[in-house]
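This document starts with one chain, in the form predicted alone, laid out as structure tokens.
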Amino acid sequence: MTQSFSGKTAVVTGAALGIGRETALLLGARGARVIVSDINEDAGAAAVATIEAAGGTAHFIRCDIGDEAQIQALVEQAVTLGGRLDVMVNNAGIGGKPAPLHEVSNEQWDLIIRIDLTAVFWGQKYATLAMLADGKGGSIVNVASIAGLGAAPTLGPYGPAKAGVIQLSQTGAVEVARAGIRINAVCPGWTDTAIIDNMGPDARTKLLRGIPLGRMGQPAEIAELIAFLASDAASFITGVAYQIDGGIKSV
């Protein structure tokens, strides 16, 4: 089996920075027509330029994943540009201010659930509909987190949202498996992205103590797993939540 994406169209949300950017670059390097999607237009355009400079094909489409209509339009534009949709990577998300659940406001709860769970549902929904209409299958990879696998103290709504992403992926995978559509979730541990920096000045040092491998993951490492699951090399894998966390057993 191959990890080539030649002739395939792939959408990556949150593709301007971090894990999403590295995923878009990797898929582009392996032959995909990549739809780079984000609300950060400058960084998104820069990602497209990087893919094109390496000989790949990419397009930037601005999309606020908190708006269902924009996600639907994103998928429809991807089909128009590429002829069909082969790969959908629902990566975009936010972290939020650390707090125990009993201190979380309804506004904070609604925002995190909408962006980190409901938006993934919309992305999976419209990608599935496009793949069903085409009749040739496809692959959907949802970015969850190890925070969705167990207790995630002080992460507020983030853990429940990511747990929902895992269940969403598993249920969807069973429902559309006969149509040749595979859906998997990736559960990164602490990864060197802006979310870590937003957790406070001492967060990095404290988090490193709990990682058996002694370092944080790099976005490019997470991208490798996403690309594998999206590829034909993973053609018999569906409905699975893959941990990639340096050996962490709990958050």
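Keep in mind that what you see is a predicted model, and the values were worked out from it rather than measured. From 1 onward, residues are counted along the sequence shown.
The next section is about a form of this same protein that is not shown, the form predicted together with a small molecule.
K.L.:
Choose from 122 to 130, 93 to 101, 80 to 88, 167 to 175 the stretch whose residues reach within 4.5 Å of the small molecule in the model of the complex, heavy atoms counted.
P.N.:
Of the options given, it is 93 to 101.
K.L.:
Is it the case in the model of the complex that I181, L225 and G239 each bring at least one heavy atom within 4.5 Å of the small molecule?
P.N.:
The answer is no; none of I181, L225 and G239 reaches the small molecule.
K.L.:
Would you mind picking the one in I196, I211, A220, A46 that has a heavy atom within 4.5 Å of the small molecule in the model of the complex?
P.N.:
Exactly one residue meets the criterion: I196.
K.L.:
Among the candidate residues V75, I112, A144, V141, which is the single one with a non-hydrogen atom no more than 4.5 Å from the small molecule in the model of the complex?
P.N.:
Checked against the cut-off, the match is A144.
K.L.:
If you check in the model of the complex, is A203 within 4.5 Å of the small molecule, heavy atoms only?
P.N.:
No - in the model of the complex, heavy atoms of A203 and the small molecule never come within 4.5 Å of each other.
K.L.:
Even though the partner isn't displayed, in the model of the complex is L17 close enough to the small molecule, meaning a heavy atom within 4.5 Å?
P.N.:
Answer yes; at least one heavy atom of L17 falls within 4.5 Å of the small molecule in the model of the complex.
K.L.:
Answer with yes or no whether I39 is in contact with the small molecule in the model of the complex, where contact means some heavy atom within 4.5 Å.
P.N.:
Contact with the small molecule, yes.
K.L.:
Taking heavy atoms and a 4.5 Å cut-off, does A32 contact the small molecule in the model of the complex?
P.N.:
A32: no, not in contact with the small molecule in the model of the complex.
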